[in-house]
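In structure tokens, the next block holds one chain alone, the form predicted alone.
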Amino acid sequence: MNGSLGRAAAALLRWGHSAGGGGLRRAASSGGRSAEQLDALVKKDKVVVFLKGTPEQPQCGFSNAVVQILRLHGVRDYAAYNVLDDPELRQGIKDYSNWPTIPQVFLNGEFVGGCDILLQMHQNGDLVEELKKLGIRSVLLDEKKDQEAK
């Protein structure tokens, strides 16, 4: 398991959840949405975010932080689902990921975590590496190159 996903799994264990087998354990209940429907949503795009509000108007500080981190890296093309518009989706994604809070970030169909984990990945450079695996080049690499050239 790579570093950032390993940390996400460790965070899940700290929350008292299990990250066993080949991935996260899927809860039987999904708030009215089938696990298959949620599975299709998280796998539809390379980057998927479930947040309160929209990327243009986040409705909570944690959702705003996730949007800002993605913007910092130049990630503009991602699927964003406003859980405030759909209570079934809000509970369903929590059950699906076995993670109690919103926002939730998925990279290439894999649950990464919420705001704190994405912030940690941003700070330690793991997010740049994970984006690279998806074929997304972080604009922070270009800014770093520009600074080194000066």
Partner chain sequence: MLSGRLAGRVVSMAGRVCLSRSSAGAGTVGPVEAAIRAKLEQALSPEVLELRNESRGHAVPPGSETHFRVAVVSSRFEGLSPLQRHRLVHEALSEELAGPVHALAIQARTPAQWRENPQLDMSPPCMGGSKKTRGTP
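Residue numbers count along the first chain shown, from 1. These numbers come from a predicted model, not from an experiment.
The form predicted in complex with the partner chain is left out here; the points below concern that form.
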key: Listed residue (I69, L41, A35, L84) with a non-hydrogen atom within 4.5 angstroms of the partner chain in the predicted complex   = L84
query = With the partner left out of view, is N64 within 4.5 angstroms of the partner chain in the predicted complex by any non-hydrogen atom?
reply = yes
query = Do V48 and the partner chain come within 4.5 Å of each other in the predicted complex, heavy atoms counted?
reply = no
task = Answer yes if any heavy atom of G125 is within 4.5 Å of a heavy atom of the partner chain in the predicted complex; otherwise answer no.
result = no
ask   = Going by a heavy atom distance of 4.5 Å, is D116 a contact of the partner chain in the predicted complex?
value = yes
request  = For the heavy atom contacts within 4.5 Å of the partner chain in the predicted complex, list the residues of 90-121 involved, in sequence order.
outcome  = R90, S97, N98, W99, P100, T101, F111, V112, G113, D116, I117, Q120
